[in-house]
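Just one chain follows, in the form predicted on its own, and it is written as structure tokens.
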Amino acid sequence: MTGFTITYFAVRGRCGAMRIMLSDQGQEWKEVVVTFDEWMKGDLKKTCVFGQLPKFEDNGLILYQSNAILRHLGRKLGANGETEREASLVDMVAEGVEEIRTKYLKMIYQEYETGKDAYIKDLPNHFCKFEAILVKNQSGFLVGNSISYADYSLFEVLLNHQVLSPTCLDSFPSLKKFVEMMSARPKIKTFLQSDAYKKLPINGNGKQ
């Protein structure tokens, strides 16, 4: 049994993709849930390298920064491309996903009331790039012929956006098929239907 532990708030947030990835890869992990009141006391924050959660532990190795954790899991679980070239492409695509996630979180936490409509209107300018990547690759995955941590990251971002705007993928058949394919993977399907997943809000402020 692996010694994975996630320390985070009771939200999907920046742990959404890693939980989906761990589930799909057949891994078990422990959750240490931090309340916002506990976090505001500052004691835990002082122990975090960058003053942020999530915190991820892997048999004595302690990591912070969600994308670094995903890359670590990608390397460890064989979801990081099949060659060095593919690994570099996976990193590149994952950074593109992070750009969307960053914009999404800014809108959710800072501009929801004033910027939601404009954000949704602009989504095609971001989604078209990933549509093109999937069309070019033709395997159903973002890079090569096997799943990578970038696929899990994009999948989780798209799930959140389908909650924000249910029709947002209607003009992107490859992205829509990608979400359907990922959702149908048996272990992901089971996880998405679990209480452990459904009970958690997407974001900490309740907006989605």
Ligand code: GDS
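Note that residue numbering follows the sequence shown and begins at 1. This structure is a prediction, so every number in the text was calculated from the model and none was measured.
Note that the form predicted in complex with the named molecule isn't included here; everything after this is about it.
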### Summary
In contact with the named molecule in the predicted complex (heavy atoms, 4.5 Å), from 146-154, 165-173, 47-55, 23-31, is stretch 47-55
### Query
Might residue 109 be said to contact the named molecule in the predicted complex, defining contact as any heavy atom within 4.5 Å?
yes
### Query
Is residue 66 one of the residues lying within 4.5 Å of the named molecule in the predicted complex, judged by heavy atom distances?
yes
### Task
Please run the contact check for residue 8 against the named molecule in the predicted complex: heavy atoms, 4.5 angstroms, yes or no?
yes
### Query
So, in the predicted complex, is residue 14 in contact with the named molecule at a 4.5 angstroms heavy atom limit?
yes
#### Entry: Contact assignment for the named molecule in the predicted complex, among 132, 120, 92, 105, heavy atom within 4.5 Å
105
